[in-house]
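Listed next as structure tokens is one chain, alone, in the form predicted on its own.
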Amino acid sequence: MMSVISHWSLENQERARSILASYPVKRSALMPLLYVASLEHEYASLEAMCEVAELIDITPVQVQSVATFYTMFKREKIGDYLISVCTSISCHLNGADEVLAAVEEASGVASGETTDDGSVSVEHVECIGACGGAPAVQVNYELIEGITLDKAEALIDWLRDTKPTVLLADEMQQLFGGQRSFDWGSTEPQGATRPVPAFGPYGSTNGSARGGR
């Protein structure tokens, strides 16, 4: 069965084996495996969905039904940095539409699009659970609360100029954020390395070292 992913990197093959071993029922591993497949293929491509389906003995349509329901599974290639601007009610009332417009202007692309150089994708999203810190954005799912128009523009410039290999929510909050929903507590040393939620078993997280890609 693992032969279906024999062309994956050795690291991702091992991640897939480990994830499968964690679930008594194979189909329960669908979402974690789909993230790993997305990392391997750079998005949840049709090929990636078919491979996951074969790994857990379900149909590609069943995998597709999950991939199309959850917006965090991208079905086309996106940029290195995914900027997600919350436009739900609390953020909307606190200027999220203007923040989104600032991000679009600074990046040069509209929501739902990716820059020609593949560096930045922009999207607007529903509630990301930071209503007390509205308006809120995420960069590769790392949170920034209380962002302003000027800071939204500065964020895009910072991503392009520094090209960080690891995105840390605490660092970006300090640089570009404002009011928080609550005290975040201790500093998190791990951050996102790809436009996928930072989670060790996916291979999408790393330490605080930064620098060019």
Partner chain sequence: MRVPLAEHDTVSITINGVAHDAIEGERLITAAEKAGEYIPRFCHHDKLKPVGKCRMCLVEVEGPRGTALIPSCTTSVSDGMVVDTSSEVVKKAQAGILEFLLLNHPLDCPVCDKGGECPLQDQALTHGAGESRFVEEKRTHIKPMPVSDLVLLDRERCVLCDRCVRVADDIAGDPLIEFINRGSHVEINTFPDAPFSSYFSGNTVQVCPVGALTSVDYRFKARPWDLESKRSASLVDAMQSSVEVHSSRGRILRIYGAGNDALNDGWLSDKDRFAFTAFRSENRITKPLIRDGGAFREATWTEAIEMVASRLGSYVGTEIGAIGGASGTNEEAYALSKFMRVVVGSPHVDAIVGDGIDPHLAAAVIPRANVNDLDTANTILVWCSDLKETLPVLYLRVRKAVLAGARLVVVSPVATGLDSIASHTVRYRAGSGPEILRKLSRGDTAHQAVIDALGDGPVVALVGRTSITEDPLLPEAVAAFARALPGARLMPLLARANVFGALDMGLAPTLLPGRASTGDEAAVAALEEKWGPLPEVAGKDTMAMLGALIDRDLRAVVLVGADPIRECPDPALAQSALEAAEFVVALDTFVTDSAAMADVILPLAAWGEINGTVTNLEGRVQRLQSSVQPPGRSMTLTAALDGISQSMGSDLGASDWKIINKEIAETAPAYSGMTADYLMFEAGEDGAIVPLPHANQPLGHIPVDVTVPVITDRFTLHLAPSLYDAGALTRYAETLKGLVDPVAVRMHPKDAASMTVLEGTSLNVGGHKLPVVLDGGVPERSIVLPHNHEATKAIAATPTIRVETLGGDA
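Quick caveat, the model's predicted, so the values are computed rather than measured. Numbering follows the first chain given and starts at 1.
Not pictured, yet referred to below: the form predicted together with the partner chain.
Within this chain, G178 is remote from the site of the partner chain in the predicted complex, having no heavy atom within 4.5 Å. Under a 4.5 angstroms non-hydrogen atom cutoff, the partner chain in the predicted complex has R75 among its neighbouring residues. At a distance threshold of 4.5 angstroms between non-hydrogen atoms, C50 is in contact with the partner chain in the predicted complex.
The shortest heavy atom separation between L46 and the partner chain in the predicted complex is within 4.5 Å. For the candidate spot formed by G108, T115 and S119, no residue has a non-hydrogen atom within 4.5 angstroms of the partner chain in the predicted complex. Looking at 56-90, the residues that come within 4.5 Å of the partner chain in the predicted complex, counting any heavy atom, are T59, P60, V61, Q62, Q64, S65, T68, F69, Y70, T71, R75.
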